[in-house]
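You are given structure tokens for the same protein chain in two forms, set apart as structure 1 and structure 2.
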Structure 1
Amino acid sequence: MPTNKLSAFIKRKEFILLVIFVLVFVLMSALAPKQFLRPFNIQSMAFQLPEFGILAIAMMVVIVSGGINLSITYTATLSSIVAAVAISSMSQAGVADWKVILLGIVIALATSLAAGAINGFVVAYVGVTPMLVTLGTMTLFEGVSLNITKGGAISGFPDSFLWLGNATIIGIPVPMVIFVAIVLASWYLMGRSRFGFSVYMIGCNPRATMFSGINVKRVLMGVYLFSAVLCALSGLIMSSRYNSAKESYGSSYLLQSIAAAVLGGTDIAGGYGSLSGTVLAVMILQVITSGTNIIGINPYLTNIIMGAILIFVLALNYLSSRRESRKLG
């Protein structure tokens, strides 16, 4: 049955990723047996993964809609900076901790929604190419952040705020718990909901989707808002983990998140992309960075390895799909 074949093929991409993940994991364990497999290390990887993983999902969602969001890292830091200003000034004013934190989260989300609304508005309603819009807003958000911080970092959080990024629940880091929740929520949203269905359709052919009576503009707006909210969550985790908020946190995640999304099987042209693939890709990248750090490999070599894996996996995808069609065609 071609039905099975088709789904089997889609699964194959993720299967390759799974194999690679296991391979790097085993490799790292073999190279640094005592250190890599320590629960402490596993836990610390679980601490590190979410902030990047969330950004990668934020990127993936936009790519699936046929766009790209270059402003993710600055959306994250901008919303955490605005929240940080509020949190630190309120907590100095002696407001109760839980109120402060709750309000801080609300403020971060509100800021990110505003940021996402700018992206969404210009992309969907004005009709500018996403890459350009987000290139502009990237600069804009960085500028606003810098203007607030004047180049420094905003700190002075109450200790309980640090819980968000640093505590564990029965050994599982809180950020990881948040991440899993986000993955599940995104999976429902993208894979099961009307919204997600529309996003995939728009990513393939916005015009035909519009002709089908779907409110393409509103869906696109939703995509950028959703992406921005994810950014804010990542930003909050980062500011809690780093005990401060600053415009440059996570700036190196931008290109990495594109790489993760694509490595995870997202079609850069839009319309295709799976959450599980992206999550697997994020895990692969995490194991490689942590592993090479522990083994003590020159960080530039890590860059080279990641680049090579990216090309390798995509080449593999291409070759296997070609063999497939040869065999049958």
Structure 2
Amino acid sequence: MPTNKLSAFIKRKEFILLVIFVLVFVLMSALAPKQFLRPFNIQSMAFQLPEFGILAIAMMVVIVSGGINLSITYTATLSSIVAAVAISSMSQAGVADWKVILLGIVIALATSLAAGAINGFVVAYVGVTPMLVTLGTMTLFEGVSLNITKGGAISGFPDSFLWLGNATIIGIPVPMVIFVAIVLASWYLMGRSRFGFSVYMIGCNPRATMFSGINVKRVLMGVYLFSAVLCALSGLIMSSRYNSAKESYGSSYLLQSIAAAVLGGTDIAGGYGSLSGTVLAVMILQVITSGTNIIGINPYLTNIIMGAILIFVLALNYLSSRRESRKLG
């Protein structure tokens, strides 16, 4: 690699995140070598990371468009709960397992797409601020989920459904295989397609994008629908891994998904976002969560750490933007 290209690569945020990941991994390994480096713990992280990583990508895509989706975790749990009710009912009725699972996945996707359509319609066509819309739908989806479950968990899945969140393929967890496939699909959609280019343009300047001939409303609707599909997949993995569906599953992922997107280099104001950076940030946060849990740090302190990281990165990005503006000015 030529010297100038190597120098440019080292200055990239992705390289810095890779270095941070290595340092955090080494630190956790040094603090608890017997527990953290056990194959069981490494595989456990590989099972947990995908459901969080998928939600982080769902959040990143929306933030790049200049919005935010505060309802992602409840979209995921609502879709998994509705699917769980159908799966449990059909399984008890004696329907073949493959039909039960296929219909369950279709129902989860349909539910999540309906939720995404509500967000997308109100944001794109009504014109309400994304934060207010998704804050409202977050409460709506939580209420619907609680009404269905009555505060409990829905179970009664066929054993074959558990394969989705607990099985391995040549030693690699199935959720990780799904996550890699989603990362590749998202990379193509956001980095190589007209849709992805339009999303970045809207995040930079929606008015200029509209005058350039791009249907901004349609693209924004597509953003929230794509985010919803990812939520459904994450919800299915969670319900399969836990062998049940409940409205509180994955609730901590809301803050973590925002932190991962921002830590990964996504501009909270929109217009810029790095998929690879988001994936690296997810890996960093997963190692921190797993490591602090093994070391015995109070889990509530983990949320404090996540919040502090988010505030620090936002402040750092803001100061960096001001410095760049002064240079240009």
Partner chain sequence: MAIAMLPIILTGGIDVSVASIIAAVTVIIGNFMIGVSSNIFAVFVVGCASGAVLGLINGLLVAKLKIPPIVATLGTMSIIIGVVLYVTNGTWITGIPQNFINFGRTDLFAVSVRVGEPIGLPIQFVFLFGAAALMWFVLRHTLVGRGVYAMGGSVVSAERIGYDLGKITIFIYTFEGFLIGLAGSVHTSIMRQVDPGAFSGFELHVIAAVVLGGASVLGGYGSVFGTLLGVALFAVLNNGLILMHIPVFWQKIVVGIVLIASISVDILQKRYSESRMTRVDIEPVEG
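Start at 1 and count along the sequence of structure 1; that gives the residue numbers used here. No experiment lies behind these values; they were computed from the predicted model shown. So that the term is clear: the rigid core is the largest set of C-alpha atoms that superpose within 1.5 Å between two forms.
Remark: the form predicted alone is the source of structure 2; structure 1 originates elsewhere.
Rigid-part membership, decided by the better superposition fit of each C-alpha, is shared by N215 and A110 in the motion between structure 1 and structure 2. A two-part rigid-body description fits the chain between structure 1 and structure 2; in it the smaller part is rotated by 17 degrees against the larger. The shift recorded for the CA atom of T302 between structure 1 and structure 2 is 3.8 Å, with superposition on the rigid core. Taking the core as the reference frame, the CA atom of I311 shifts 5.6 angstrom between structure 1 and structure 2.
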